[in-house]
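Shown below, as structure tokens, is a lone chain in the form predicted alone; questions about how it binds or moves come after it.
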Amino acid sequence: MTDTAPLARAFDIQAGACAAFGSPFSGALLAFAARDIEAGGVMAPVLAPWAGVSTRTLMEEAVPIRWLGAVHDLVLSGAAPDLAAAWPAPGRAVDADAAWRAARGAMISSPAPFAAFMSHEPQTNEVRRSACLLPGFLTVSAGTGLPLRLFEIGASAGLNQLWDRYHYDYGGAGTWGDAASPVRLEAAWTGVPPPLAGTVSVLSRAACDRKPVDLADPASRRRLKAYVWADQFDRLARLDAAIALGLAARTRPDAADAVTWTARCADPRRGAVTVLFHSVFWQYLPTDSQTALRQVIDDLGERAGPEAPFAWLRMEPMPRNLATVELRLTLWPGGEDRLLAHVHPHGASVDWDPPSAAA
């Protein structure tokens, strides 16, 4: 008999994380699922591909998030009216117990949509992560005095490519960007003042994803929204605004492997700083791909020079502590690696230049 304890533990861990990050409904729904896993209930067929997998691997592959997204996608599709009736909505009291009963019934009657949705890793494209990336881009611009050539890997729909078209509010720490932008990002700021002075020039932008989200496709847009926690209406509204902006800009990442695409496209070029960036992407790469990509990045850095610098900006969880997310910058020539900030995984806060900022 397969040990279900790792699966139940993973769902309980994610339940706690959701509650801690402001989604009590998601936390409660995941907790119901964890108890069903322990009882050998309806979750078993849906989670069959991960039977016997360690809790750490389950968290790295975001299996609880995949399941939560699958339930939300079913609601957004209109195929489960009973579930939709129990789902969070503005002005309606949340009933996680009723939602779990409806989700349980959907898994019994129609398990195929769950299996299909969960077969691909999450693509959240959380727009407010741009509030964490922005000061990194500004640091690169100020440090080099050059326009930016942007290359995003693991870009999902590519919405964070448009970071310079959003408006940012860091409370008393200052604002940046187009005051008329429909995408308005707020983030709490602690630490030294943010590097918001001056301007930044974007020379070009490109992106890739193994399976990019096509914003022109309604089903793909729905999948993107499904990963947003259902009781966080502000996140859903921001995503809608960013999708509208992305459609107008005809944003479309290349369908490509990050390793080969980076090696082919992101060579340093004179007169600009080439910036390779990503956010909450690294953990989804197989170990051999991580090794190969790091080698490509180091090779590109070695080819950089004073008139053709290369920057690697990333917002990623720490490998041994996925709850702690770092914003790091490595800049060539020289290859100095800096921890710029500790940040909220959804971009809600930035602790800039933390005390442990040594590489």
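Numbering starts at 1 and runs along the sequence shown. Model, not experiment: these values are computed from the prediction.
Same protein, other form: the form predicted together with a small molecule, not shown, and the subject of what follows.
*Asks:* What is the one choice in V280, A99, A131, V228 with a heavy atom within 4.5 Å of the small molecule in the model of the complex?
*Replies:* After the contact test, the surviving option is V280.
*Asks:* Just one of D169, D95, D164, D257 has a heavy atom within 4.5 Å of the small molecule in the model of the complex. Which one?
*Replies:* After the contact test, the surviving option is D257.
*Asks:* Within 4.5 Å of the small molecule in the model of the complex, counting heavy atoms only, one of 156-164, 140-148, 268-276, 228-236 shows up; tell me which.
*Replies:* Correct option: 156-164.
*Asks:* Please check if K211 has a heavy atom lying within 4.5 Å of any heavy atom of the small molecule in the model of the complex.
*Replies:* Although the small molecule is absent here, K211 would touch it in the model of the complex, with heavy atoms inside 4.5 Å.
*Asks:* Residue-level contact is defined here as any heavy atom of the residue lying within 4.5 Å of the small molecule in the model of the complex; does L285 satisfy this criterion?
*Replies:* Yes, L285 sits close enough to the small molecule in the model of the complex that at least one of its heavy atoms falls within 4.5 Å.
*Asks:* Given that the small molecule is not shown alongside this chain, does E126 nevertheless sit within 4.5 Å of it in the model of the complex, heavy atom to heavy atom?
*Replies:* Because a heavy atom of E126 falls inside 4.5 Å of the small molecule in the model of the complex, the answer is yes.
*Asks:* State yes or no: in the model of the complex, is some non-hydrogen atom of E152 no more than 4.5 angstroms from a non-hydrogen atom of the small molecule?
*Replies:* Close contact exists here: in the model of the complex, E152 approaches the small molecule to within 4.5 Å, heavy atoms only.
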